[in-house]
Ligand SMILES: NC(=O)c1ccc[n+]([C@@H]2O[C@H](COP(=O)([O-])OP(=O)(O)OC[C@H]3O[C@@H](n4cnc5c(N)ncnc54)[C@H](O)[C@@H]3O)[C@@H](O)[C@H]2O)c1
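Take a look at this single chain, the form predicted alone, given in structure tokens.
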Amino acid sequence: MNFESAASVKTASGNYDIFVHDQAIENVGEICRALDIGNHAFIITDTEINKIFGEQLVSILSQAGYTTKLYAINAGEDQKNLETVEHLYNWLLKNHVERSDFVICLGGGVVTDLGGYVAATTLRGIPFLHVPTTLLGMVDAAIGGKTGVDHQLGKNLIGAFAQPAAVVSDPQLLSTLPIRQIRDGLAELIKHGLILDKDLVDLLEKSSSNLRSLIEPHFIAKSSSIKAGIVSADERESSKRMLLNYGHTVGHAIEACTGYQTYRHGEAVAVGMHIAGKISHQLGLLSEEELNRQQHLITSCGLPSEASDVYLDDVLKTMRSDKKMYQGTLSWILLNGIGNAIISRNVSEATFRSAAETILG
């Protein structure tokens, strides 16, 4: 291949490269050949992405000598469930999928989570690649091997760790996205800076007046590299990888409480980061100036700072079903200063209520 990866993930269950450059989608066939993962590609996408990029990817793979089949699920988080998994199993098995075949997940976080899970559990596992088409997918969902679906009791409660064979991120695919979806991904990019990289926060602050400039390859590559490093150090979220959940404890609960219809993932996480930041401040870990700095960056990117239409008690109830519970205690990710996240199991319900009462309903 005549191009370099932006980052590499190295784990016990698999090593792979993350490619980030303009027109990277044109290299998918070449990457698959270099990986030597099979001769038949099953593309999983959604109906909206299929209209824009489906035919292009089929053509690229055909030119590389692959036969292809494509299945487009309906677009939306509400499709990320076991019923859709069953439809995909039926499609793959009726088309005689073999372990020598592979899956390409073309889409945002729903497609990468769902498609990765289907690939990981069909025939006890077939190879898969991610070609994310959203900023959220490029900097978060496609990296790290978390696959799975939602359950009526909460988000991502059913799934498996399964690493892709590669991640191919083409920033030019983002040019068709509405600004709300750009903001959705920016929440995760901001989070990476807040938890581990103060320099990234500085860069984001300088460019936040022009949101489209934040989807340039170097921003996506830097954010991808941060996550790749965390995943390589802690594949199964036993320690350091838990830091990636900053804002997610509350964020996932907000999504579940609203039926995944009202708030996009990044919007819910932005509200969750506000609450986690306030808790950090109340516990003496984060100064008022630093909390204000976090919130200024979040709001300057057009992300919400509150969810007054979501009831605090409902969020608290949903949080108790969170997969981050450990021996009956919820794990919180807090900031001990900008760029320095920590894990805490000492946040009382009273502290949470005090931090959330003016943010939630």
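Because the structure is a prediction, the values reported are computed rather than measured. Numbers for residues come from their place in the sequence shown, where the first is 1.
There is another form of this protein, the form predicted in complex with the named molecule, and it is not shown here; the text below is about that form.
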query: Selected contact from 122, 249, 84, 156, since only one has a non-hydrogen atom within 4.5 angstroms of the named molecule in the model of the complex; finding: 156
query: Among the candidates 173, 195, 273, 186, the residue which, in the model of the complex, approaches the named molecule to within 4.5 Å (heavy atoms); finding: 173
query: Proximity to the named molecule in the model of the complex (heavy atom, within 4.5 Å), stretch among 133 to 141, 202 to 210, 92 to 100, 285 to 293; finding: 133 to 141
query: Residue contact check: residue 222 to the named molecule in the model of the complex, 4.5 Å heavy atom; finding: no
query: The named molecule contact at residue 181 in the model of the complex, heavy atom, 4.5 Å; finding: yes
query: Interface membership of residue 30, the named molecule in the model of the complex, 4.5 Å heavy atom rule; finding: no
query: In the model of the complex, residue 267 touching the named molecule (heavy atom, 4.5 Å); finding: no
query: The named molecule in the model of the complex: contacted by all of 277, 306 and 357, heavy atom 4.5 Å; finding: no
query: Contact set, 52 to 79 vs the named molecule in the model of the complex - heavy atom within 4.5 angstroms; finding: 52, 53, 75, 77
